[in-house]
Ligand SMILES: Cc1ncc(COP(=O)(O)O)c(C=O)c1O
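For reference, the chain that follows is the form predicted on its own, supplied as structure tokens.
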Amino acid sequence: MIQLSRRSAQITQSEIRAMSLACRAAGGINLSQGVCDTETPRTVLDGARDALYSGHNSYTRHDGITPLREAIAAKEFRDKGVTVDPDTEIVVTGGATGALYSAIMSLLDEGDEVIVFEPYYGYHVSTLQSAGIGIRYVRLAEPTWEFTDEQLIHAVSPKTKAILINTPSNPCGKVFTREELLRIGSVAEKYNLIIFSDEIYEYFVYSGTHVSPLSIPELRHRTVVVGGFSKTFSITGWRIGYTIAPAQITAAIGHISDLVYVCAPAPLQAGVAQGLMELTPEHYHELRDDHRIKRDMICNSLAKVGLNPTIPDGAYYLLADISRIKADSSRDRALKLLEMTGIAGVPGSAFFHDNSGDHLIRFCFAKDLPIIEECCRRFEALEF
């Protein structure tokens, strides 16, 4: 019998996909998977179409087409006041997942450790595990999702090489403040750690302001930003992501990305570049405001029936307390809720390394308004 690798044995089907399959079998409403129903901007589609028909269907530079790298650099300056060199500090990758994988493979060795805040995004942890990286967990405290300096320092070991943050965060919607980033940076400076900052939800901020460690001068040299356009432009299937990092790190990331992905899809890069160049700030403001309305609607409905949510400051997910549903685990509770309402969420255990999330469920509210309205009606009809 052929045996799988130890690496493969560590990676199992995510609860997100498992609940999506259960939802499909039940004919339910899928609030488990982070697929945004917002329409893709027409200029993004037109840019990709024009590139297709004008023959841009071959390999690009391994680090992405020049217009897209320049558009990303312009976006960073416009939104964060950060000057980025598009030729030496940006790599366009196969989605944000490909960006993080390439960064991890470029900077970490098997046996190294990374500090991860939990609740965490499962693919972050799985990507680290697939590379043979150990994980040190720092628990964010409900309901405000805060951490202490003592927690962070206690998580550092002689093998620790990096800290991974997700701001705004999936699944809890935490937006790290400048003060918190400075505290993280102080520990990173003391122990010479890399900061991986996944900022894919940068335009979904409802309270406070998105702050990137890239914009903090004393953290710039040790920061690797992971970003992408799947969420902002509703193009999860296009797989266009990027990294921003100091030139030496960027070169190494580019080599790994080239080895694994060769390049991101050529005409789709062009579509994203056109969208970045032509869409005004109002587009992003409207996107944020639209999702804030949906957040408030679904949070209010959940609170009415005692499935108390923590109100997310960013991203488009929320965690709700489903301990009122009597079952042995969060997965059983999520399946029972699917049976009761026809609505699928992700069991809270998917976001913790132990059973600490058994009272939680994650819902995605990036859906068309009529779907959110129907979910609210079903939640409010619940009887326990």
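None of the values given here were measured: they were computed from a predicted structure. So that there is no doubt, residue numbering starts at 1 and follows the sequence shown.
Just so it is clear, the following notes concern the form predicted together with the ligand, a form of the same protein that is not shown.
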With the ligand left out of view, which of 276, 200, 268, 175 would have a heavy atom within 4.5 Å of it in the predicted bound form?
200
Just to be sure I understand the contacts: of 301, 97, 151, 308, which is the one whose heavy atoms reach within 4.5 angstroms of the ligand in the predicted bound form?
97
Is residue 223 close to the ligand in the predicted bound form, meaning a heavy atom pair under 4.5 Å apart or at it?
no
Even though the ligand is not shown here, does residue 166 get within 4.5 Å of it in the predicted bound form, heavy atoms only?
yes
The ligand contact in the predicted bound form: residue 294, any heavy atom under 4.5 Å
no
Give a yes/no on whether residue 160 approaches the ligand to within 4.5 Å in the predicted bound form, heavy atoms considered.
no
Proximity to the ligand in the predicted bound form (heavy atom, within 4.5 Å), stretch among 111 to 119, 88 to 96, 188 to 196, 131 to 139:
88 to 96
Taking the ligand in the predicted bound form, which residues along 292 to 324 bring a heavy atom to within 4.5 Å of it?
317
